[in-house]
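The same protein chain appears twice below, in two forms, each given on its own as structure tokens and labelled structure 1 and structure 2.
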Structure 1
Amino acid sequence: MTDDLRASTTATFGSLSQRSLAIAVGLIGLCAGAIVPTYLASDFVLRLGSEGLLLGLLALSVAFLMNQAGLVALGAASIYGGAGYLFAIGMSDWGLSPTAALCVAFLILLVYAAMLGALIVRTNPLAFMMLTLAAGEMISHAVLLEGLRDYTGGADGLVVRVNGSVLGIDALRFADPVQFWCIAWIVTVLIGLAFWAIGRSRLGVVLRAIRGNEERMRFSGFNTFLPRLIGYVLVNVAAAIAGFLHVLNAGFVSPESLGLFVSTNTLVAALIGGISGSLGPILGGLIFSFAQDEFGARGLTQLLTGVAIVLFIVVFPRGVVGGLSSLSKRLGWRREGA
């Protein structure tokens, strides 16, 4: 009876050999996913795919918070775009090396996320949603401030030239669609796995319990503020990584990367894929990216974003992955409760 909570989840993995088999399959999948598409797909498709993966990373951050903590963040863009701006400013204005600029930018983002989080995770989920939207708008107004024009380039944005290497990787690799796909894929899969693991860790259990009944958690002796703050900062780490990858790949940052539309697109990607688990949001990002290519030229992206939000919440609240898994369950492909 007093055995660990996690025992039941690890038990489903079965014996150790089964686990090592799973790891082997996973590693093969990781490598195959990084390499195979580069032979099959054109540069254009790889670019779309990479964009989809980055959006998927963002969606993962939003979905994790929604699923584990019941909090909807509408400000993913400010970390995503902010990462690009801080990285660029670090190199050009503060004279830092690319790696140092990246680290400094990352630290600033962490501090920002922690401070904002400390202010807003105490409020109820609706107020949280409103506040993240407001904070996101604040950042997108801030880069357009006349006084910061020398740093941010105002409405034009900044061109980001990276000389040398970043974290030991030659900067040129990020600009090449084939190599960037490999990098984006590996990073995305690893972060996806990390979030999957966090969701199953004690932090995940505590977050879900707080989501279920915050007051009872306090009456059970838990600090309900700190886990939510940690969760909030963690998802912003993923958003920041997506932002860094984006700026390294694109070579510029613009105010659009901070805009509300980035945040709503992220939300839609998460809803399309389904917010429970790591697979859904990443898949959602890919689907969104290719769909945007299809409809974007006709200026319909935003309209369809709105339609998708309504449609997926009202009709398919579990998204593509959730829908497929319940379908497969119904068809008896999986054991019940697996």
Structure 2
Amino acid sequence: MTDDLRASTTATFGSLSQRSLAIAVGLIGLCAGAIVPTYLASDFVLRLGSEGLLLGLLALSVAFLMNQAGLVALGAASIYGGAGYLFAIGMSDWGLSPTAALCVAFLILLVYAAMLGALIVRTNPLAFMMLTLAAGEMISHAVLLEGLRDYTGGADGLVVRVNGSVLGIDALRFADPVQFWCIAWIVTVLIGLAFWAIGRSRLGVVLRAIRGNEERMRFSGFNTFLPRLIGYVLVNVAAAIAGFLHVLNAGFVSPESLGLFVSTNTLVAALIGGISGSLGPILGGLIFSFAQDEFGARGLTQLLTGVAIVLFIVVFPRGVVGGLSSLSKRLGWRREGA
């Protein structure tokens, strides 16, 4: 009995120490990622990196839904750009403070995502993809209507002037490349950890089971509608946060941020990094952002992007992170065999 108690106590303390070590390492990595690049990189590189992080957030939202529910959403740009438009309209036309405008815009997007999700999550994956694409295209064309030009600025977009602070953060910090990198890094890491935890929660297990066999889950007494709806709303929350960060940093929002171009770039970034976890899409966003800048400097953006995508998918069919994980496992098996 005493030996069992000792063994149990040792195991408990060992588990606690491992968790404490993991938390400590995570906090060190979070702080190092936010601070170290600001001393090593120029403002231009930090801006590219921040754009990559925001694209990675969008890619993470798309990848989570693909991996957990087997659904491809091509309307991420409508939430991403819509967040900027609603935030700007809230301040300029509704007379709200920056914090109030952000909160109102977030609630509107939350209601929109819930209503749209309630209509489309019951459909099959192909129909779901086309419906999200159609909804996104409708919104991107709506901002160009002449009757809404006074609110949306039409094809010219809107200049967003933020005076004061947003959620207690001075608006000037969002325009500074160094400080914005820190903000974008922390937000991205926290959202990535949140999605990682959700994927290992009961919701993630149920979503994967529904993806595998929805009919069997219904016959087993599970509600297959509500988990999918919750998952769809959650990924749109991440897309909205990325949109708010973008407009606060750029100080401008245009119809291009609502277009199919952003949605397809998001999907490509997710495929490049890998959709099986949180790290892959974020890494894919960074790779895509820096690659686009390099290809643009050579004047062959579209051609080189297409070639690079084909090579990535052929060499890393599971994305960069998935390919490296498989390679490390193979090397481990070879060592064990030797």
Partner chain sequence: MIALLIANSLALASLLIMLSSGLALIYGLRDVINFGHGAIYMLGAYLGYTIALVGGFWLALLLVPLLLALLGIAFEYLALRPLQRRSHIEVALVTLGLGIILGQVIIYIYGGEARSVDAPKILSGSVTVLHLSYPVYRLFLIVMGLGSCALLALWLRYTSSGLYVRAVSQDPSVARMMGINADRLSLLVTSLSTAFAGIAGVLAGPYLSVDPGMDVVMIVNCLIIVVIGGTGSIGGAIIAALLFGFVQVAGSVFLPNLAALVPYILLMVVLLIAPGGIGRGRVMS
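The structure displayed is predicted, hence computed values, not measured ones. For clarity, a rigid core is taken as the largest C-alpha set superposing within 1.5 Å between two forms. Start at 1 and count along the sequence of structure 1; that gives the residue numbers used here.
K.L.:
Here are two forms of the same chain; which is the form predicted on its own?
P.N.:
Structure 2 is the matching one, since it is the form predicted on its own.
K.L.:
Once you overlay the rigid core, does the Cα of residue 36 travel 2 Å or further between structures 1 and 2?
P.N.:
No, its C-alpha moves less than 2 Å.
K.L.:
After superposing on the rigid core, how much does the Cα of residue 316 shift between structures 1 and 2, in Å?
P.N.:
Spelling it out: core superposed, C-alpha of residue 316 shifted, distance 3.1 Å.
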